[in-house]
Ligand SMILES: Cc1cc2nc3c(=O)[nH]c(=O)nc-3n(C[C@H](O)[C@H](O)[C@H](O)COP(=O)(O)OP(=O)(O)OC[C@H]3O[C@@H](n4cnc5c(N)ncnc54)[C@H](O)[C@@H]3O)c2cc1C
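Only one chain is shown below, in structure tokens, and it's the form predicted on its own.
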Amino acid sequence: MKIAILGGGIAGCALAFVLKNAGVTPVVYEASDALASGASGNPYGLYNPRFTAERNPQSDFYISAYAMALRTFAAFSDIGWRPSGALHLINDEKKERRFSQTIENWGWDEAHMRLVGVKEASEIAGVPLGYGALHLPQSGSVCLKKLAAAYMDGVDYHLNAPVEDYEALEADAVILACGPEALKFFPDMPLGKVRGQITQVASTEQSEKLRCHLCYGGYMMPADAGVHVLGSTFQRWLDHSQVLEQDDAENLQKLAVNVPGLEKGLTVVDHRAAVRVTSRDHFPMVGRLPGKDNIYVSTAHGSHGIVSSIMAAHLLADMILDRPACLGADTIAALSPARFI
């Protein structure tokens, strides 16, 4: 069986990896001159589940996706994997309520997720913090370029290869994993665009002490080769990837507000902006397109694409190969593009 995958970002590369391991022949078509060059092109990507107060089909998807990502990353030798943990700061009453309910309703063992007070959060982080946090010891970041390369090992792919007519491809099935380009084929898909900009800053003697990832409405990664990644702006009203100086200032200001003093002396050394795709209900779209027997989609992964894309790939492999599904019926229905009809 031959499967054509449109898009060489993390979603498309994850699909190729899973399908190849399932004995299928994937062929990836990427419009640009490199893999993971669009929304997946940041130097490092932060991976976490998307937290919900209740257990529901959406949370079940992210719980499974997070676990699947951890197992997958462990199988690779060089993807820049830094599972140094993440602290999600409890910096408002809404998060305090939601994180407490998450702990209660998700039922995870404390080895995987727990609430910590200000003192313990500071000890974990290695820098003084003013808030308690939800601590995920296995969370962290990966180098997206290296992850894409690992996924694509042994896979046939074509760069500078925009597809104008998917029906002309020689394939048993086609999967659209090309972000906003999917609208070129199906303009009525309920997809929206969100621009985000990251900022890279040179570390200071104080910031080098940071030992885990901090999340606070923005995020800061521990230094790698003397550089931290700060992120990310979230702009639904913009759909371009031009770098904006005010966005660097915003990323630094978020850090200053939530971890006062840690921003002192940080200087911008690089930055990057990209446009992600999201759906109307902020949940990925994964499954067969309604009315299309052999056209599937994996898109709208948003800011959790590192974990959601690998789980989506396993689900689509099950669908295409007519295997027992790796997710429950309610979750599959919640992911299906047909939910918007």
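Sequential numbering from 1, following the sequence displayed. Everything quoted here is computed from the prediction, not taken from an experiment.
The following text describes the form predicted together with this ligand, which does not appear among the structures shown.
- Of the residues given (83, 196, 132, 218), 196 alone sits with a heavy atom within 4.5 Å of this ligand in the model of the complex.
- A single residue from the set 274, 63, 289, 27 has any heavy atom within 4.5 angstroms of this ligand in the model of the complex; that residue is 274.
- Heavy atoms within 4.5 Å of this ligand in the model of the complex are found in exactly one of 50 to 58, 66 to 74, 299 to 307, 279 to 287, that being 299 to 307.
- This ligand in the model of the complex is approached by residue 232, whose closest heavy atom lies within 4.5 angstroms of it.
- Although the partner is absent from this view, residue 252 stays clear of this ligand in the model of the complex, with no non-hydrogen atom inside 4.5 angstroms.
- Contact check for residue 39: a non-hydrogen atom falls within 4.5 Å of this ligand in the model of the complex.
- Although the partner is absent here, residue 11 sits close enough that one of its heavy atoms falls within 4.5 Å of this ligand in the model of the complex.
- If you check this ligand in the model of the complex, you find a heavy atom from every one of 45, 163 and 185 within 4.5 Å.
- For the stretch 162 to 179, the set of residues having any non-hydrogen atom within 4.5 angstroms of this ligand in the model of the complex comprises 162, 163, 177, 178, 179, in sequence order.
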